[in-house]
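Only one chain comes next, encoded as structure tokens, the form predicted on its own.
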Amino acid sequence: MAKVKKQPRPKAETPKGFRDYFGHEVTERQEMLRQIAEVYSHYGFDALETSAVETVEALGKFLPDVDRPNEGVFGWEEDDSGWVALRYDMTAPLARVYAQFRNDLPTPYRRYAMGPVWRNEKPGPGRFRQFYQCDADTVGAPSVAADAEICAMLSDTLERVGIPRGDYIVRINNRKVLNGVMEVAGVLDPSDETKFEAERGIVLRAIDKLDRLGEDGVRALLGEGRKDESGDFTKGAGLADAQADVVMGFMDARRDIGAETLARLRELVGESKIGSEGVDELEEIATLLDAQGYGPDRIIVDPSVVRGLGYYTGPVYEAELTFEIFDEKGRKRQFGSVAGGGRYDDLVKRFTGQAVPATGVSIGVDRLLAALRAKGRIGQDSARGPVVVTVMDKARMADYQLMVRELREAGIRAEVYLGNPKNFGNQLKYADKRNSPVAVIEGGDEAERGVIQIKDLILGAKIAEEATLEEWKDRPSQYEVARGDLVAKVREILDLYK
């Protein structure tokens, strides 16, 4: 008789590019999403939740930084409906929803959306294939007042979640200004936008690599091309030196004063109609923001903002955290961008055939959480576990459950120990592993006397690590109180560690 081959056990491992989130990580994210939603709601935006799956046709070719259609998504073919894929952002679903329900929705339509998105891209350190986005968009508003509002709301949101003024800056640029610059440089013909299309694509990708390649690397790509350290050659846009000078001048146009930056941009775009229109829009945005008190300490015009310029059609903005952190090798570096957005007037047109103005912003929630953790601004309170009521007598479980109920009704997170109560030391080890601030103890003796023991686990751990015997005697971490004072004493201890 043939021996049946035993099936191997499945490996308990997370798929490549994904990760699991535990306890306080989930709680921290939920709290941040709540805070962001509160700001968005105060600005008059309504919540929208779309399906995690969209048709590939609806997703289109708008995935940033990817040249080929459908590249970068997790897709599969359905028998009856063709190809579908997990959403890679919140914007493409919004365009589909607005086109589908436009007769029922107000115009402009203001919505925010929060949730996971999926990118079928090569994972790396801190780069995952599933991550959270938190978007707010206005569809149907042609005025750049909508863009100014988004920038103001982004500033307010960062401050609401714990990034103080001075630790961030919102930078604004405009795709139309770059188009004007490329017209002056001779790689854009307003009468025939198909001309020089390949060259413009190379210019856009080169500009987007400024942070990584530096000015010399970008200039090489604007010219004949660039050979990297491995010897691989990337063909350039073929611009002459004078043409490249115009493009490089655009990226270096920022001045200390906003008005001087705008004046420099006007010089660069010259007689270009589209370029002048872009500078006018930046000037109007700056005026609107200044009137509301959003000065250069929070929001600035900065032509060096290049990310996403190939995706957007007008103003673009990016929020950057300016404080320093230490990387995994102990080196100081700035944290960088945590949010970005802009105007994308052509996206809904794919469905309706009519141009529909739209603008919006997306906040990278996981990056923002990482930044706050790096600065020690979150992590302590959210990681704290529940109060643990220990079990000294299994026959008195109802009494312990009553204690927990009283604590919960007072708004205190609490639980009864439900493991094997035989070894009391294991109960305290459990509380320690749960990062519990307080343990409640009531044995038979305490029950007869109408008292309970309340152990301050945070102070107890600190005393064990740092205190001398004399200090330990002066600062007891365990208190005996009347049974009726349970909630008050626990609250008193918890308030010490807020």
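Residue numbers here begin at 1 and follow the sequence given. Everything numeric in this text was worked out from a predicted model, so none of it was measured.
Separately, the form predicted together with a further copy of the same chain exists; it is not shown, and the next lines address it.
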{"query": "4.5 Å heavy atom contact with a further copy of the same chain in the predicted complex for all of Ile172, Leu210 and Thr322", "finding": "no"}
{"query": "Options 348 to 356, 334 to 342, 247 to 255, 180 to 188; stretch whose heavy atom lies within 4.5 Å of a further copy of the same chain in the predicted complex", "finding": "348 to 356"}
{"query": "In the predicted complex, Gly360 touching a further copy of the same chain (heavy atom, 4.5 Å)", "finding": "no"}
{"query": "Ala414 within 4.5 Å of a further copy of the same chain in the predicted complex, heavy atoms", "finding": "yes"}
{"query": "Residue contact check: Gly217 to a further copy of the same chain in the predicted complex, 4.5 Å heavy atom", "finding": "no"}
{"query": "Any non-hydrogen atom of Asp228 within 4.5 angstroms of a further copy of the same chain in the predicted complex", "finding": "no"}
{"query": "Sole residue of Leu428, Val279, Ala146, Leu221 within 4.5 Å of a further copy of the same chain in the predicted complex, by heavy atom", "finding": "Ala146"}
{"query": "Answer option from Asp89, Asp167, Glu283, Asp156, heavy atom within 4.5 Å of a further copy of the same chain in the predicted complex", "finding": "Asp156"}
{"query": "Any residue of 18 to 52 that, in the predicted complex, places a heavy atom within 4.5 Å of a further copy of the same chain", "finding": "Phe18, Arg19, Asp20, Tyr21, Phe22, Gly23, Val26, Thr27, Arg29, Gln30, Arg34, Ser41, His42, Tyr43, Gly44, Phe45, Asp46, Ala47, Leu48, Glu49, Thr50, Ser51, Ala52"}
